[in-house]
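Read the single chain below, which is given as C-alpha cells and is the form predicted on its own.
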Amino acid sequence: MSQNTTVKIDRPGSWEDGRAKNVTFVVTEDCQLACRYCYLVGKNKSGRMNFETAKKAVDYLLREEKFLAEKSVVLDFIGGEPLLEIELIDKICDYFKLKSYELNHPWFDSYRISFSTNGLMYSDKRVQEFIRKNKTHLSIQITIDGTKVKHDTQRVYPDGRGSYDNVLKNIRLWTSQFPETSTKVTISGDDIPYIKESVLHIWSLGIKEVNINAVFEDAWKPGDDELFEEQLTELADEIIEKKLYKEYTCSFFSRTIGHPYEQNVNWCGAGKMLAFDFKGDIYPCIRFIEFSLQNRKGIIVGNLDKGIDENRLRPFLTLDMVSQSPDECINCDVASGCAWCQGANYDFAETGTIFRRATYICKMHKARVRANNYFWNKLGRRLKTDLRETNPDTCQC
C-alpha cells in the first residue's frame, strides 16, 4: 500500500512550497460584508490603492536584487474584498508581466496571482474575463464556511443578513474552473457545534480541500475545547467509515502536529513577506496595517519612495519560537502545529512588542491534537499500518 496515494487527508504543499516571495497588494480596505470574526476591524471605503502607487510597488519589487533570493513570486491581492477592484488588479498584473518581460526578470515565467474572496462577485463578467486571461497563473479561493447555518452565523452583510445563498450561486462555476481548489474556514466560539457537518458539506459541494483554523483572539469559553474535540472525533469517524480520506483533505488532521518542537523557527512569515497599502507604505504583512489592528498603531517598515528601512525590518527577521514563547510553550510535549499570528501577538500584547506570543488557542490546540491522534491511530489500525509521522518537520511557515 502506498500511503501517499491511499491517504490524501493530510495537508498538501502550496505552490513552490514556501520558496516564493509573497507580496500583498491591499487594493481596498472596503468590503460588502461585515463578518463577525473578521480581524479587519477598520474596514472603510476611502482606503483604495490607485494604479500609480501599484506601478511604483511593481517597479520597486523588480529592481531590488535582494528579493532575487526567491526565484518565484506570489502576487497576493487582498482587501477588504479584492474583487471590488478587479479592473485595477487587471492593470497591475498586465504591468507586472510587461515589466518583468522587458527586464528579463526570473519572475516573468515563475509567478502566481492569488486571491481570497468572499465570492459575491465571482460571476461578474469582468472577473470572468480576468480569469480567462490569467488562468494558468491563478489561484482563487472562495471562502464558504460550511453549512448555511454555520456560514450565516459569521459571514453577514452590515444589516445582519447571511451571505450563504449569494455565495453558493457561484460555487459551481468556481469549482468547474478550479477543480483542485480549496476553501478556508474559520472557527469561533459560536460555530463549534457545526464543524463536522460543515466540513462534510463543503466536500459535498465539490471543494476537496478544506483549510480550517480557530481564531487567535480571546474568544474561547470553558468547555469549548471539549466540544471542539468531540466534533473532530465525530468527523474522524465519518471520514474513516466512508473512506473519505482517499479523496479529500482537511487541515485539522495532520501527521506533523502534536510533537515537541524540534526546530526553533517562527511559525509566521511576517517580515519575509511584504504588504503594500494605498499610501505606498510597506508593512511586514497585512496584519500590521492599522485597519487590521484593534489596540495598536500600524508598524511601517518602509515606503515606495525610500524603500525598506532595514532597521525596522530586522526585528521581524530575528523572530523564532523561543524568543517570543513562554516556557510552557517551549517545553510543551504537543507543541508542533500550534499556530500564532505575529500581528495578533502584537495587537494583544500588554506592551507594544512583537516578542510576546498570544496563547489563547492553547486548549483548542491540545483538543485538536487529541482528536488528531484518535484519527491517525484509528485509521492506521484500519489500514494495518503506522500513519503517524516519526520525524516531523515542525516549520509551518
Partner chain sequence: MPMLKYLIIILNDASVSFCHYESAKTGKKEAGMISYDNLNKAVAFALKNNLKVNFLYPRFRPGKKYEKLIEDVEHVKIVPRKLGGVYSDAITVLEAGDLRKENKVTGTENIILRLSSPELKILPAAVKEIARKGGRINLVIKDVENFGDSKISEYRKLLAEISGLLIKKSGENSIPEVNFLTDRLMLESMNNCDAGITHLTVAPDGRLYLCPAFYYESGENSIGEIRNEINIKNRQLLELKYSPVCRICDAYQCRRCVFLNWKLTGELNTPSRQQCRMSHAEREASGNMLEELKKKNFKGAKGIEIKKLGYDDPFEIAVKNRYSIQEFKNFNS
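Not measured: the values here are computed from a predicted model. Residue numbers count along the first chain shown, from 1.
The form predicted in complex with its partner chain exists for this protein as well; it is not shown, and the discussion that follows is about that form.
**Message:** If we define contact as a non-hydrogen atom of the residue within 4.5 angstroms of the partner, is Glu350 a contact of its partner chain in the model of the complex?
**Reply:** Within the cut-off, so yes.
**Asked** Quick one: is Tyr261 in contact with its partner chain in the model of the complex, heavy atoms, 4.5 Å cut-off?
**Response** It does: once its partner chain is placed as it appears in the model of the complex, Tyr261 has a heavy atom within 4.5 Å of it.
**Asked** So in the model of the complex, does Arg370 come within 4.5 Å of its partner chain, heavy atom to heavy atom?
**Response** Although its partner chain is absent here, Arg370 would stay clear of it in the model of the complex, with no heavy atoms inside 4.5 Å.
**Message:** Just checking whether Glu238 would be counted as a contact of its partner chain in the model of the complex - the rule being heavy atoms within 4.5 angstroms.
**Reply:** Answer no; every heavy atom of Glu238 is more than 4.5 Å from its partner chain in the model of the complex.
**Message:** Please pick out the stretch from 87-95, 306-314, 118-126, 198-206 that is in contact with its partner chain in the model of the complex, where contact means heavy atoms within 4.5 Å.
**Reply:** Going by heavy atoms within 4.5 Å, the stretch is 306-314.
**Message:** Only one of Glu226, Asp320, Glu234, Asp165 gets a heavy atom within 4.5 Å of its partner chain in the model of the complex. Which one?
**Reply:** Partner contact (heavy atom, 4.5 Å) among the options: Asp320.
**Message:** Which residue, Phe51, Tyr360, Phe355, Phe67, is the contact with its partner chain in the model of the complex, using a 4.5 Å heavy atom cutoff?
**Reply:** None of the others qualify; the residue that does is Phe355.
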